[in-house]
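Next comes just one chain, in structure tokens: the form predicted on its own.
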């Protein structure tokens, strides 16, 4: 069982510079066809200062920094038992090329279902830009199956 002592645990802050080529690659990888995510002229015509980050891009911050891997190790969740439960985003401001986004996360709940056969870890995060403006609030749930 995942120890509930982890509820309230804060992960190290993850910093993600928003770079043009990476956004274009990400947009292509997820099948995004709206040119606002790949063409700077289209982005500026849509009112952005530069290419905006696609909706799920901010999830990459903790993957890049290694915070997600460390969390799984701390919680003793083997990758072979890991399932993606859910993910949601509430956006307050666009993150665009040239921004640097910092993501601060904490474990807000741990619970089980099916008599412990499935354990759930809920993580909430706040993403802010280099001006300390709230960009997004993220929520994710990982599942450990036994």
Partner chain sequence: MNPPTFDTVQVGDQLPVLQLPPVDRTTLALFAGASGDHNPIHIDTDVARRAGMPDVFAQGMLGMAWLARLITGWVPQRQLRRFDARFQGITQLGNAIRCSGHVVEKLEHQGERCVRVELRSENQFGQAKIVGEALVALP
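Positions refer to the first chain, counted from 1. Computed from a predicted model, the values in this text were never measured in an experiment.
Another form, the form predicted in complex with its partner chain, is not on view; read the next lines as being about it.
Of the residues 40, 67, 60, 118, just one reaches its partner chain in the model of the complex with a heavy atom at 4.5 Å or closer; this is 60.
Taking non-hydrogen atoms only, residue 22 approaches its partner chain to within 4.5 angstroms in the model of the complex. Within this chain, residue 77 is remote from the site of its partner chain in the model of the complex, having no heavy atom within 4.5 Å. Its partner chain is not shown here, and in the model of the complex it never comes within 4.5 Å of any heavy atom of residue 112. In the model of the complex, residue 146 stays away from its partner chain, with no heavy atom inside 4.5 Å. Contacts with its partner chain in the model of the complex, taken as any heavy atom within 4.5 Å, map within 41-69 to 46, 47, 48, 53, 54, 55, 56, 57, 59, 60, 63, 64.
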